[in-house]
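Take a look at this single chain, the form predicted alone, given in structure tokens.
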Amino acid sequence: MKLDRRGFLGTGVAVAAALAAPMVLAGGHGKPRVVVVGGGAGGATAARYIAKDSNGEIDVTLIEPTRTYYTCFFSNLYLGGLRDMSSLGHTYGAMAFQGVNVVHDWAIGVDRDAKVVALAGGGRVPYDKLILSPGIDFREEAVQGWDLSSQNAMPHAYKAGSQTELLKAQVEAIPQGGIFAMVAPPNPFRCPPGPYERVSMVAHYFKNNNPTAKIIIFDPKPAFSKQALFTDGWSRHYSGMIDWINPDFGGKVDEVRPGSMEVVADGEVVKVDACNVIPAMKAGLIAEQAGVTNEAGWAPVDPHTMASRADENIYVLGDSSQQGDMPKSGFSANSQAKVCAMAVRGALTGSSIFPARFANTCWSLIETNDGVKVGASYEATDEKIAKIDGFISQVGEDDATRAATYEESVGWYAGITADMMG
């Protein structure tokens, strides 16, 4: 089935419109207050759905430092020259007309006892329910020789925007016959197929502009998402250009040297012309500051509501959450946000809450019109969000099928960004 904008907007959780009388709140204020930190696929969706479906009964504030949100999903296509940067940028203006108060500032702390979010600008925003959707941060110690001070020399480009533009510029500056290296991340991480779609799009650029260039992937994992589909596509479209090195053959990096543009793996020094370092990840910093993360760096949640296991008044969405079987993706965050919005409205107004259902699809582009996908449906159990069925593209599909899969992804992108921002 082709998934267009109209179709995507119809896939959200169906929620009853009838609402009970608002609860009397301990703070003595009138309307219940929901604060959402993070304006991406999870946070923006949650804020908008709570505001529009509560019929004005809930005050909703979205805290997001950037005025333009650039999607990580589809940013690889910009690297390949198939989209421009402006197509990835989305603003928050429409939310003001939908009942969301948007505050452009950094959330720097959470007082769980007082139920207040502290802002970098000095403000303090009270809440009855707090939703955290801050995406990911990096474990700076994960790759020896790399930290955030190195991100201009060896970009991660795993937070879209200026890093994405920088990586593209570095790819385009590689000399003829030069080497592009990627240090891939260990599991779990945002968008499991993402690094390998990125390699595909860099290879697409090289094929058309620098055909003797080489790509080396240093991977700490023995396998990766959609591996058979990617390796088949690389052999068909980019024969001899891409070397994937797994940990058995030196894929685990000992050290990177940003000053000299070198990667040291299995004791061997490899001189490169550009290097994309994607470090190990953890929940966005505000989740840690709120005290809702565990030793692994992620925030465990109740699968039925996305409420934090550490605090029933805080909910954690998307990449930052530790929820079970769902991958960390924009589609997942958007799906979780709708379940969370329903749960928050129910807790604050007594509106109906239905059993949680989730869905995800991850599309990847290997070459022009050669799109592949993987996805699944999920349900909430007491232990985790559990996968109940799934699907994946198959090696050997015809050109028409692959082109249709790519077109489906374009429709999804239009749909999810409208669903997020209004």
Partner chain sequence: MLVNTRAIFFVLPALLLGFASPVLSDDHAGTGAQLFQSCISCHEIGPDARNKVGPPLNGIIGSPAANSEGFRYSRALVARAEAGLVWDEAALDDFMANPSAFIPGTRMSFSGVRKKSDRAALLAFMATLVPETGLGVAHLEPGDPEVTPEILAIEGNVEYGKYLSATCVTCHQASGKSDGIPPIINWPAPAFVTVLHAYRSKARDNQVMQQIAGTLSDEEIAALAAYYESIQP
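Everything numeric here is computed off the predicted structure, so don't read it as measured data. Residue numbers count along the first chain shown, from 1.
The same protein also has a form predicted in complex with its partner chain, omitted here; what follows describes it.
Heavy atoms within 4.5 Å of its partner chain in the predicted bound form map, among the stretches 246 to 254, 191 to 199, 140 to 148, 347 to 355, onto 347 to 355 alone. In terms of contact with its partner chain in the predicted bound form, the residue from N276, N76, N334, Q323 that brings a heavy atom within 4.5 Å is N334. Checking T66, N369, T381, S377 against its partner chain in the predicted bound form, a heavy atom within 4.5 Å turns up for just one residue: S377. Shown here without its partner, the chain carries W363, D389 and G415, all of which come within 4.5 Å of its partner chain in the predicted bound form through at least one heavy atom.
Although the partner is absent here, K129 sits far enough away that none of its heavy atoms falls within 4.5 Å of its partner chain in the predicted bound form.
Though the partner is left out of this view, V339 does reach within 4.5 Å of its partner chain in the predicted bound form, counting heavy atoms only. Not displayed here, its partner chain is kept clear of T61 by more than 4.5 Å at the level of heavy atoms in the predicted bound form. In the predicted bound form, no heavy atom of R33 sits within 4.5 Å of its partner chain. Residues A404, T405, E407, E408, V410, G411, W412, A414, G415, I416, A418, D419 are the ones in 403 to 422 with at least one heavy atom within 4.5 Å of its partner chain in the predicted bound form, listed in sequence order.
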